[in-house]
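Below sits a lone chain in structure tokens, taken as the form predicted alone.
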Amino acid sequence: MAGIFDLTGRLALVTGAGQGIGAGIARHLAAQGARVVVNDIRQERAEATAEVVRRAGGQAEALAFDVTDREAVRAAIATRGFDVVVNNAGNAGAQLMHPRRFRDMDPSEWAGPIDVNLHGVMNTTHAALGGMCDRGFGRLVTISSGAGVVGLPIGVAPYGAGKGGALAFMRHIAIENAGSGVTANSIALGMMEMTEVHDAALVAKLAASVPCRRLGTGDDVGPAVVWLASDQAGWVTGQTIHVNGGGLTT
């Protein structure tokens, strides 16, 4: 009998895995035996994560593409036979997200967060789903946010719309494909460490707002993804699991 959460022989894609949370997820999947394809919009970041995985004894390759480019996604995914797809690419994609009240936003600022957090998830799911159903096994995991579950006064309404839309989308995909051996679940994250933030005072302030008194990391998210990707989670689908240190914010 295979060990619990054993992913040996599974081929997994993690989008946006060139740094941060996605890199942690890739490491944990590989540690359980999965062959991991590390995606990022930048090839050098994807390769850096893949090299870390390989140095730890895992199997990984880098594959750069933009999840918002439907044709690039189809070309990268459709013929690969992925068993596990983790939709981690987020924030505002290739753009920087500038939090501000929605009424003060220019409509041009809406597209980035919605494209990557909703359309990107739809693109990867569409490209992978047919093959998963044909083979009778598939695990779709979308990394979402508390901002997709509750309203927040921090100026991220389009981001929340994208994240919330992806949560609803996953629930529908779960029900449509439950009889085909494919599960679709989401993880709603709380306040996470951010690689671009180097202000110690700000980090301490953010950590103090979390009941567990620290920010989350990829090592907090990775084990949850491993479970959802495993055979043991075959009766878990259409769910949103909160990994947030006891809080609800992003």
Ligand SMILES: NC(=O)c1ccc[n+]([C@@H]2O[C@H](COP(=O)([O-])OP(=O)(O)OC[C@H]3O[C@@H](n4cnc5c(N)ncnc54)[C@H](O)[C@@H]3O)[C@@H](O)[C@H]2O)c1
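In this text the structure is predicted, and so the values were computed from the model without any measurement. The first residue of the sequence shown is number 1, and the count goes up from there.
One more form of this protein should be noted, the form predicted in complex with the ligand, which is absent from this view; the next part is about it.
Taken together, the three residues 66, 143 and 194 all lie with some non-hydrogen atom within 4.5 angstroms of the ligand in the predicted complex. The ligand is not shown here, but in the predicted complex it comes within 4.5 Å of a heavy atom of residue 91. At a distance threshold of 4.5 angstroms between non-hydrogen atoms, residue 70 is out of contact with the ligand in the predicted complex. A residue is said to contact a partner when one of its heavy atoms sits within 4.5 Å of a partner heavy atom; residue 42 meets this definition for the ligand in the predicted complex. In the predicted complex, the ligand sits within 4.5 Å of a heavy atom of residue 21. Residues with any non-hydrogen atom within 4.5 angstroms of the ligand in the predicted complex fall in just one of 115-123, 78-86, 129-137, 171-179: 115-123.
Shown without its partner, this chain lists 53, 189, 37, 29 as candidates; in the predicted complex, only 189 has a non-hydrogen atom within 4.5 angstroms of the ligand.
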